[in-house]
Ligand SMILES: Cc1cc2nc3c(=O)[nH]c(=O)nc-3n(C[C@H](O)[C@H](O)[C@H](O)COP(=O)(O)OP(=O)(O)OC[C@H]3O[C@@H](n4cnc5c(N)ncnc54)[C@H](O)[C@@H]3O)c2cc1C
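Heads up, the chain below is alone and in the form predicted alone; it's given as structure tokens.
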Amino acid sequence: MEITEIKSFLSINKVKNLDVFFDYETRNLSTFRLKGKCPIFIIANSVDALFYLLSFLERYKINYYIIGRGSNTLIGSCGNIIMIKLGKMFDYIEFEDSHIIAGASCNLGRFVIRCAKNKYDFSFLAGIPGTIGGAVSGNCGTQIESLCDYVESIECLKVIKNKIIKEKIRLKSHNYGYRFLNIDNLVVITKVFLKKERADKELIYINIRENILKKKTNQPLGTFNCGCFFKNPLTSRKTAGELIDNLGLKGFSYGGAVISTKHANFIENGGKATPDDIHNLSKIVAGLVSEKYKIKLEHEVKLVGFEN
């Protein structure tokens, strides 16, 4: 099915709890704030609407990508890709007995503060942008602890033989690791169930303030970027940022893209960067690191609309 046919179908068949936008500015979908267009952008405001939408797209084998806040996504050419976002219905957090239940589009910063008020310490996530669903998908965290350590189960939609199914999955240790979540046939997380021991509220707030201050000191929070571009290599004692910094690449630019002078693992949109500028600069950096250290850097930032 062609994009024009899909537009026609969505225009005629108004589906409840689906907000559909045509020729949408992708600069609104990523914190890189890069110019571009996607043919169709859809906000799903219920699980049933999301299920219907994904079933339709899978049936006709239409390319799509589900995006969160876009704080970890580089969007390239979206000529035949439909972008989907979970709406307000998925933005909530609840506390039941000793469990924390959060919708996938719950803002990560609000999640940290609400948990702190209820004496749950997720201060290691303080200052990290994004949503709880995205943070679980990438197993967000530090070298000491990560979010999936506290996730008991997730509700999600999976695809099996082009059919969408709803499922609740209990996480086990083999399902996640450093910056990844591995669930067979996973399409999207809709709800997260977490469990954590309670801690002293004042100590939690102190930890939150300290972690935010550390990020403000060491990271370029006031620029257009998507956080650390590369994962820290597990085969090296040095972080990706240290490897890049040791090559003297801080401030190095390609087109409108530039490596941060504050943290070498951040690639910034200097104001007029294109998606290809960011992508090409990342390939140059990875190539130089590989040549010098024989280490292959892996993207932490998700790439959408790029061939490789």
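Quick caveat, the model's predicted, so the values are computed rather than measured. Just count from 1 along the sequence shown to find any residue number.
Form predicted in complex with the ligand: not shown, discussed below.
Trainee: Heavy atom within 4.5 Å of the ligand in the predicted complex: which of 183, 101, 113, 187 fits that? Just give me the one.
Mentor: Contact with the ligand in the predicted complex is made by 187 alone.
Trainee: Quick one: from 164, 226, 82, 171, grab the residue that has a heavy atom within 4.5 Å of the ligand in the predicted complex.
Mentor: Spelling it out, the residue with a heavy atom inside the cut-off is 226.
Trainee: Only one of these stretches, 195 to 203, 230 to 238, 115 to 123, 102 to 110, has heavy atoms within 4.5 Å of the ligand in the predicted complex; which one is it?
Mentor: The contacting stretch here is 102 to 110.
Trainee: Please determine whether residue 302 contacts the ligand in the predicted complex, using a 4.5 Å cut-off between heavy atoms.
Mentor: Yes, residue 302 lies within 4.5 Å of the ligand in the predicted complex.
Trainee: Taking the ligand as it sits in the predicted complex, is residue 211 in contact with it (heavy atom to heavy atom, 4.5 Å or less)?
Mentor: No, residue 211 sits far enough from the ligand in the predicted complex that none of its heavy atoms falls within 4.5 Å.
Trainee: Using 4.5 Å between non-hydrogen atoms, is residue 128 touching the ligand in the predicted complex?
Mentor: The answer is yes: residue 128 has a heavy atom within 4.5 Å of the ligand.
Trainee: Counting only non-hydrogen atoms and a 4.5 angstroms cut-off, does residue 215 reach the ligand in the predicted complex?
Mentor: Result yes; residue 215 sits at the interface with the ligand in the predicted complex.
Trainee: So which bits of 257 to 274 sit within 4.5 Å of the ligand in the predicted complex, heavy atoms only?
Mentor: The one in contact is 266.
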